[in-house]
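Just the one chain here, the form predicted alone, laid out as structure tokens.
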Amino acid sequence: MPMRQYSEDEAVDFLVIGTGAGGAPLIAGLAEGGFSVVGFDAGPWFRPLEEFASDEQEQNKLYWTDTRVVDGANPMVMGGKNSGKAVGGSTVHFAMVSLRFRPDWFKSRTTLGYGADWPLDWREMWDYYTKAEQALKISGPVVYPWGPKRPRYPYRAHELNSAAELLGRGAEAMGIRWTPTPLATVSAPRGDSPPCVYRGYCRFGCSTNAKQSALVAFVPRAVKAGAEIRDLAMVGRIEVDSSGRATGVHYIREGKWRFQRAHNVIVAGYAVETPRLLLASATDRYRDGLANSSGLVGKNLMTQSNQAVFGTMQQEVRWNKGPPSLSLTEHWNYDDRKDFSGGYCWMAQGPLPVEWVTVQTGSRGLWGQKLIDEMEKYNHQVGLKMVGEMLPDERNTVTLDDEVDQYGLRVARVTYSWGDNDKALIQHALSQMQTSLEAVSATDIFRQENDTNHLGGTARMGNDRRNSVVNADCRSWDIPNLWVCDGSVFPTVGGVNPSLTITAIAMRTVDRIKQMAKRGEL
């Protein structure tokens, strides 16, 4: 792809670290706004049509599998469910589920009594959700059954597979609503993207480009507008001068450390790599890391609970045919008069064979003939999986370990423990999902009780510099030309998949930067 290339001696207007759900919309939007922009990604720039295989193991190349130290009472499994190391970030392999936060989640402390308030108004976010859905050409139902009115999705919903229909039958038997899942994969042609062909490898890389990942939806726009995407470039440190302004980044590419000058630096590395970089860029002036006068960089790490209930149907289901989550039911099905805070949704599931083996060996402890017998039921399996809100806790952290990685950089130590509220929410969801499977006459039902997925927190946004890292515009309180824009700015993580919210915030940040530039406030 022809692309402008900037000299390292040329101070570009914006240097964006990360090209995923937060970084890519920023790079595209700022370049289209006339700014000079270079986007950095530590991973390679894949060509899906030529380089994505129908093989679960081969596609591990999309994940961030570099060394990380994990501990705490509930150590996280790092990898495919919470990271990406490729241009496009984790959106290259995400499940495409594109949901809006519930309005009162943006003021959960004030309205619901838990977590922390966001500095954003849900009505403004509602407009940016619409813009994000248009940019990604979300395929969804004509009318979404919950929440404030929203425009119709750009593309019609995908046809349901058998697993999705079973979720619907179970929900209706319980008297709760359900809907086809809004997905970032097109149901009709869009430019060079053909409609989804139900190949089923969505979470291992879409080889047809039907998936509207950041790689497909934003990176081409960014390059066309004059941005440079610098892949295989691991940023190890942000440089700050004596006046307290960022001047560029040190990065390693092809085995050599280099320096790129910039007038503004935006970190969009997600909830582990963002605080890792800020902490690793400590100076004599900023001894605790950059943007860390509040002491909150790396704190309040959150994940989302991802437990599941599985069963066996007498009829053939073939749950792996199509996108993995074609139907869902949301948190609006219950009120907030329950014994825990937060929300969740659950979705139909379609794990591929290798992933299904790991569930059988990990959650059920099956090996040998018992495992073989279970795998022979693969085409008859049915499952429901939750995405649940886990609450912020300063004891859940990302810090720097003494161990170093292949670049000579200190690796991230990820410390995580579930709270009592998290456990209560999980049990509530498991009970509901089990009831739904029982309602469709599934047999051999079992629970997968230990699983998490998406991340949030570690560089919280807020209205007060004493208890947040960045302001509502994702701008550092401490260093005016340093910004953070990804899932790490989430004060709470909500009970739906976070990628659409990250993209919406990035698109809002682009508009805010343009307005500040016009006023001479950059």
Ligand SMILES: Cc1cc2nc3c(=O)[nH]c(=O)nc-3n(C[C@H](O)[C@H](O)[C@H](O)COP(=O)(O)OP(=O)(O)OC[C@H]3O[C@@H](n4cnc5c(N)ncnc54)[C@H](O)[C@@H]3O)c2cc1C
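Numbers follow the displayed sequence, beginning with 1. Computed from a prediction, not measured in an experiment: that's the story for all the values here.
We do not show the form predicted in complex with the named molecule, though everything after this point is about it.
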From W346, Y270, F310, W319: within 4.5 Å of the named molecule in the predicted complex by heavy atoms is Y270
The listed residue (M96, L215, M390, L384) that reaches within 4.5 Å of the named molecule in the predicted complex by any heavy atom is M96
Item checked: is_contact(R100, the named molecule) in the predicted complex, heavy atom dist at most 4.5 Å -> no
### Message
Given that the named molecule is not shown alongside this chain, does I513 nevertheless sit within 4.5 Å of it in the predicted complex, heavy atom to heavy atom?
### Response
no
Although the named molecule is absent from this view, report whether V235 comes within 4.5 Å of it in the predicted complex, heavy atoms only.
yes
Practice task
Please run the contact check for R413 against the named molecule in the predicted complex: heavy atoms, 4.5 angstroms, yes or no?
Solution key: no
Only one of 76-84, 141-149, 430-438, 294-302 has residues with a heavy atom within 4.5 Å of the named molecule in the predicted complex, and that stretch is 76-84
Applying a 4.5 angstroms cut-off on non-hydrogen atoms, the residues of 487-520 near the named molecule in the predicted complex are G487, N497, P498, S499, L500, I502
